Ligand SMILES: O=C1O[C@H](COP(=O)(O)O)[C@@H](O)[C@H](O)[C@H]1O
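The chain below stands alone and is given in structure tokens; this is the form predicted alone.
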């Protein structure tokens, strides 16, 4: 069987404790069943969800309409990263206790930076890292030490700082061309399904990861599934490849939508005003005859949006 596990070449290390930060209060918000006039202290989203604003509020919490998940909007990326760390650690604890393992799928981009709280106390010591199995939702077909590598990004910013077992980190075989690397990664996933490391969706028959952490591009792409590209319609393969990515580098492998949608939990982590348009397209009430990839993520399980206020500025 030709799949590859990547073993770390750097020793694990932990970071010194960060300076204590004041905790910002968070309050649950109720979604009204009927429309009401909103005061000047209320932020009204075009989805019909409501969130309170004010200088002492660090987070707006709301429920979007069915299929669009829960939306959390934070005043800053720092507040977002605190919440994302707790969310991820809580899910890891839940699945580790339930089944003895936690299968988590990473993305590239700014997501890794937003996971930084996990390498700090209390999580660095409290999380059972031995249960983690780490995957990538997409990867650039470049050497693992290349600056474009999603593996390198995750290793430098996260994995080298936590004691995840090296044999449970599943990187692509970067010695293979794009098509071969995709087939190899799918073979790896199928082996892990047979050995009960990865669950299977009873509804779809596709692998069911415990958590997929997704970013989003300014054009609304997710993983390496781009607007208008034929791969957004792939519904049989688990992992596929692209040689003409509109964003460099051109050759990549990517999970397909059926795999992404079968996840038990999906978290979208989106920051910046440059992504406000696709966020509005995904969470707003407008209809789009040619939906963006981000609009096509309707998971079997639970979906949570972690947005900073700039990314949510058009809601």
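Residue numbers count along the first chain shown, from 1. Everything quoted here is computed from the prediction, not taken from an experiment.
Missing here is the form predicted in complex with this ligand; even so, the following discussion is about that form.
K.L.:
Could you superimpose the pocket C-alphas so that this ligand sits on this ligand-free chain as it does in the model of the complex, and then tell me whether the site is open or blocked by the 2.4 Å backbone/C-beta test with a threshold of 3 atoms?
P.N.:
Judged by the transferred pose of this ligand in the model of the complex, this form is open (no ligand atom within 2.4 Å of backbone or C-beta).
K.L.:
Are all three of 201, 263 and 299 close to this ligand in the model of the complex, meaning a heavy atom of each within 4.5 Å?
P.N.:
Answer is no for this spot.
K.L.:
Can you check 157 to 165, 230 to 238, 210 to 218, 96 to 104 and let me know which stretch has heavy atoms within 4.5 Å of this ligand in the model of the complex?
P.N.:
Result for this chain: 210 to 218.
K.L.:
Should residue 110 be classed as touching this ligand in the model of the complex when contacts are defined as heavy atoms within 4.5 Å?
P.N.:
Yes, residue 110 is a contact residue.
K.L.:
Can you tell me whether residue 88 touches this ligand? I mean in the model of the complex, with a 4.5 angstroms heavy atom cut-off.
P.N.:
No, residue 88 is distant from the partner.
K.L.:
Residue 247 versus this ligand, in the model of the complex: is there a non-hydrogen atom within 4.5 Å?
P.N.:
Close contact exists here: in the model of the complex, residue 247 approaches this ligand to within 4.5 Å, heavy atoms only.
K.L.:
For residue 138, is any heavy atom within 4.5 Å of this ligand in the model of the complex, or not?
P.N.:
Output for residue 138 is yes: heavy atoms within 4.5 Å of this ligand.
K.L.:
Though the partner is not shown here, which residues of 250 to 267 have a heavy atom within 4.5 Å of this ligand in the model of the complex?
P.N.:
Read in sequence order, the lone residue that approaches this ligand (within 4.5 Å, in the model of the complex) is 252.
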